[in-house]
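Single chain ahead, by itself, as structure tokens, in the form predicted alone.
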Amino acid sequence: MNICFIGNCGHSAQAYRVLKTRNDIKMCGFAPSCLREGGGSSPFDGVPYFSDWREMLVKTKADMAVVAPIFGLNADIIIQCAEMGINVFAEKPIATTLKQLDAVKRAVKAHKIRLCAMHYLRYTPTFYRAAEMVRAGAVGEVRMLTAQKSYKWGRRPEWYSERELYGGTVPWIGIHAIDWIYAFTGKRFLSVTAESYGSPETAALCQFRLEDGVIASVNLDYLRPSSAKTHGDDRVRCVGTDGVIEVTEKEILLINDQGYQALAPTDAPELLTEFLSGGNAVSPDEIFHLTRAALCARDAADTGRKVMISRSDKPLS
């Protein structure tokens, strides 16, 4: 299988680390998504460099593209790949506007390509196993869930200040927390209210209503002190009729009728490996719905209004 890389602005290095261990894969090329991304050489050892990604797709006869461009370019690149019959493993969000999202969905359906997005944090072992526990009834029926993403600002590209290219903090980092909500509950998002601060947004708070009356919130910030020992602070707290589960990157704490448990799982599936094996670790239908929820939350914060999240993301089949 010939696999190429377009852009290196997100988590493509995680994909590279998986691919370089496989004998059935040929990594046939890397190209930047645009001049703003820079260029001149491949960031991945042994992967040929191309200055133009469109030319690379033709010359390498790629079967699949790992797409991680400047975020606002993601949708156009996915659509081009779809039109060429090339499967895609893409950075999230797969689109930065609802119009783009609808266009991506049409292209994926029309050309019947396989698509997966880099919802890697669903597969952090503690969050993955905690979601399994909740879906199996560990806390009874879920009533409320809160999810947190807190990061250091550090050094960010200049294009983060351009909404058209960045897309917004809610769809960029908030979509991970939105994904956790879905992974834990299995409930679709119906509506959202939100607030955010700054440009680009350095803090945001979103409140969702899900199916069956479940309520959920997401708090995001880029205000984690530089002195903190870790770059990020990820957390989920899920409250059900029979218990509470709290999750960090290192530990799961469960309190229910059976008592108190502290768990530290270290195993979970690997997202790209699952995709390459033919599975849908995160299905296209989930990806479209999660992206729509994230974009609606950003728009709710921009307008100060409650936004209804469409139920139009029906299965592709």
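All residue numbers refer to positions in the sequence shown, first residue = 1. Please read all numbers here as calculations on a predicted model, not as lab measurements.
One more form of this protein, predicted together with another copy of the chain, exists but is not displayed; see below.
Contact annotation: of the candidates Q80, S150, T124, T97, the single residue with a non-hydrogen atom within 4.5 angstroms of another copy of the chain in the model of the complex is S150. The single contact residue among L220, M118, I175, V88, judged by any heavy atom lying within 4.5 Å of another copy of the chain in the model of the complex, is L220. Candidate site formed by I215, R235 and N256: every one of these residues places a non-hydrogen atom within 4.5 angstroms of another copy of the chain in the model of the complex. Although the partner is absent here, G72 sits far enough away that none of its heavy atoms falls within 4.5 Å of another copy of the chain in the model of the complex. The closest heavy atom approach of G154 to another copy of the chain in the model of the complex falls outside 4.5 Å. In the model of the complex, another copy of the chain lies farther than 4.5 Å from every heavy atom of D76. Another copy of the chain in the model of the complex comes within 4.5 Å of a heavy atom belonging to K229. Stretch-level contact check against another copy of the chain in the model of the complex with heavy atoms at 4.5 Å: of 154-162, 98-106, 188-196, 127-135, the positive one is 188-196.
Residues R143, M144, T146, Q148 are the members of 115-149 with a non-hydrogen atom no more than 4.5 angstroms from another copy of the chain in the model of the complex.
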